[in-house]
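First come two forms of one protein chain, each written alone as structure tokens, so that there is a structure 1 and a structure 2.
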Structure 1
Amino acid sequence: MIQLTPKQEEIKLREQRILDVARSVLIQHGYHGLSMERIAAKVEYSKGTIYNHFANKEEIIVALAIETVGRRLEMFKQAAQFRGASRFRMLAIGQAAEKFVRDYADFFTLEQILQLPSVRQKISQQRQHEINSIEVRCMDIVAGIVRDAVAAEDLVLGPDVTPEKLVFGIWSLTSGGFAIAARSGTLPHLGLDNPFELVHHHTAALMDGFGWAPKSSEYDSNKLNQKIHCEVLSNE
């Protein structure tokens, strides 16, 4: 590990302070309410000091997103180490993804903002590359479990199905489902009182459809989820 000089440590702490305050401002006031002036007032730094760290508020937003996605990467790494069959390791990833959504609900606000063309064009290539590389590493972890499943003959993929294509299907289902579960207030009115459980149910059905052993009827999902929580996620 590289040892920081006292000056570098001071700069790092100042930048983290700016990001912590910016996150609270963004959650409270939204994208249009986030400004260098408002951040500077809350951290009691000059506006020029803020600009020394970040060129604009869009750079701050992507820096916040990088922090959060980095946390998800660490959670995925832990989940992938779960001791069990390849399918159970994939289910551990699903549990980690759910916990991420519950613990970092504000990330969806950041994610939506980052999709705006007016925002993306103001973000440096370096920061765009950084957040994209973290996303790719998350997906590589998941695709690695699929490849392990194929190697262990727990799963047989058709000639036109790559691990990445299967991961995209699982990713689309869980990401979309968890996003709706986290943000929608109408689900209880539709009789959907536990949408997170429904996401896991449909993911299991998808894996059953691909013939990923063991099938969902061959294990106790409640006991497995408890085991995953105790061994992988209890320290989160």
Structure 2
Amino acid sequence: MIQLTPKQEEIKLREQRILDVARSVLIQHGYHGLSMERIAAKVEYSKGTIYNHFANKEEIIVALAIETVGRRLEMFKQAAQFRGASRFRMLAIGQAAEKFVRDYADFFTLEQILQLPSVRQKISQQRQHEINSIEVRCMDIVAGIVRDAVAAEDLVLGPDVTPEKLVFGIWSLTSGGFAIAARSGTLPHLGLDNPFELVHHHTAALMDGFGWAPKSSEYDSNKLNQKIHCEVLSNE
């Protein structure tokens, strides 16, 4: 297993090429435009060969999704390293989440498709598990910051409020907001021209509601965001 024959090397490279092609087709032509025939034509191999790599279309989609959420995990890890008060570290996570949805606009498409039960039940346990585990690790990073906040007494959780429950709220607000922003064309029409800023604003209000120090009135979020970008989000 350690030594790969040239052939095996080639196969491994091809797998990545298939994914790259699939992603570009998905972005350009959407879910219905993504056909095995089309992928095969673009990578210049026959359909059968593609099926040697991925048992079906859904496996390709989930493989793409794994790549994408993996990238998010990396971004979250980096954001969590921001040095500062617990609340500011959470802000850094928020910034990372925003950068993520900006950089990987196809993420929502992928997620939507994967949520369809008919799609979900066709993918292998193994990949199912893999994507789940990445998701959980993302969650864990965020929950860790909440735990740190409690430890540092920046935040006092009520009885039977666990860090995970708090994360659920922040996560819901953020992902819900981004999802609405990503799909709805009617937002500007309602005077909601900058959904990202709105999500930040609401996250701040939510944290204020939980009494997470320091309150939003006590720091300059614009400056802080700039600092976050410089220190943990710019790709060196």
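Just so we're clear, the structure is a prediction, and the values are computed from it rather than from any experiment. Rigid core (definition): largest C-alpha set, two forms, superposition within 1.5 Å. Residue positions are counted from 1 along structure 1's sequence.
Here the form predicted on its own appears as structure 1, and structure 2 shows the other form of the same chain. Core-superposed comparison between structure 1 and structure 2: the Cα of D220 travels less than 2 Å.
Relative to the superposed core, L19 undergoes a Cα shift smaller than 2 Å between structure 1 and structure 2.
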